[in-house]
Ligand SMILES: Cc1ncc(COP(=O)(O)O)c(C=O)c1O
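Take a look at this single chain in structure tokens; it is the form predicted alone.
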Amino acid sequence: MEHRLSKQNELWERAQQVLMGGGQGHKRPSAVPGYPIFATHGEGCRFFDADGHAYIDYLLAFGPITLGHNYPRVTEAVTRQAQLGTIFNIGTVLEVELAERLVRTIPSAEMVTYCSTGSEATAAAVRIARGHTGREKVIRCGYHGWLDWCRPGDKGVPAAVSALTLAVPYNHLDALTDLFKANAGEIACVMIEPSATEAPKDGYLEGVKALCEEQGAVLIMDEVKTGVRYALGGAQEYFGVTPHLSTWSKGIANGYHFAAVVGVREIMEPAADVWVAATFHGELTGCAAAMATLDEMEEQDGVRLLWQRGQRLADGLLRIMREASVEATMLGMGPMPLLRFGEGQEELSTRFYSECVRRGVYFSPGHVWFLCLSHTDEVIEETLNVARDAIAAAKA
């Protein structure tokens, strides 16, 4: 394994001398033996490491790749826009056209403001909600980025900031009710991932919205992962529950830096005096990538394909585990599955993922997976063949 990644191990030694921690926290070497450390390029559903190995990619940079790496339609749109210009000191036609597209597509979108990343979008949404309600406390449910408001207790986050953020478990409406009661009149908003590794229970999302409206708080759905994958209008469209605000990034621009907060006019229009502005907000290659991604997803019926292929992958993996007499379950939904081994099988799980990556399939052992349009039926079949061999080798 060490020889197989020899160039990357050398790069890792160099990186530790010049990059904080050797690189970003979520991109450092995996604890699973044999996982690649440095990529050189990607094509379709595969990426290539610095030692020349190719991998079918089921993490997709933690979700931004919806169509595929270096997807021709997006690459062409971005190249064309780069030749016209990327940022200006005044608004642009494309910003208006894309906002109109988002308003037509996303149920909660009556107005739009642009950001650059998902973390920025969630922070902007919280600021808008605080401005709207005049309150300071936030209830979060899920992962919402790295900024201070959503990382209470982390090293470097002031205690005074941490005290304003409360956490609640997913699918527990009673716990949310209790938090509202304990902080009556103080909650500005509830920020929630509409679905991560589990589906909402019947009535759960409806109950969250009803509680927010009863308590005068803003419901914000974090659609950074689910947007465009569950439906073009996100999980809110799929589940039929429209929040007051929602945040978008990652897959909507197929890997380019783009993010947005969208919401109802009643909240967004008065928020024009809430300072949510930065040099790169509305940067035009990201806007062009988002427009091209939406075009391709519409024309290819992409949402249906992602659900169909995600389900085929999930069903196939469960069948393989059952045939191998291995206890396992599938978490997540459709385009965002995750295989979870049974209790006490951590060592088998590690060996399985190590055998998969050695055979050219890159799964994330702990983070939810993602599918893109370049994961064709043939690629899914190739993946299942690798998984079958990998679990046999792991058991042996």
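Bear in mind that the values here come from a model prediction, so they are computed numbers and not experimental data. In case it trips you up, residue 1 is the first one in the sequence shown, and so on.
Keep in mind that the form predicted in complex with the named molecule is missing from the display, and what follows is about it.
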Candidate spot Thr133, Arg135 and Gln215, all three touching the named molecule in the predicted complex (heavy atom, 4.5 Å):
no
Partner absent here, but in the predicted complex, which of 104-112, 218-226, 75-83, 91-99 has residues with a heavy atom within 4.5 Å of the named molecule?
218-226
Going by heavy atom distances of 4.5 angstroms or less, which of Glu193, Glu186, Glu206, Asp295 would be at the interface with the named molecule in the predicted complex?
Glu193
If the cut-off is 4.5 angstroms on heavy atoms, which of these, Phe239, Tyr143, Trp307, Tyr170, is the one near the named molecule in the predicted complex?
Tyr143
Is there any non-hydrogen atom of Thr165 lying within 4.5 Å of the named molecule in the predicted complex?
no
Indicate whether the named molecule has at least one heavy atom within 4.5 Å of a heavy atom of Pro243 in the predicted complex.
no
Is Gly118 one of the residues lying within 4.5 Å of the named molecule in the predicted complex, judged by heavy atom distances?
yes
Hey, in the predicted complex, is Asn254 touching the named molecule, heavy atoms inside 4.5 Å?
no
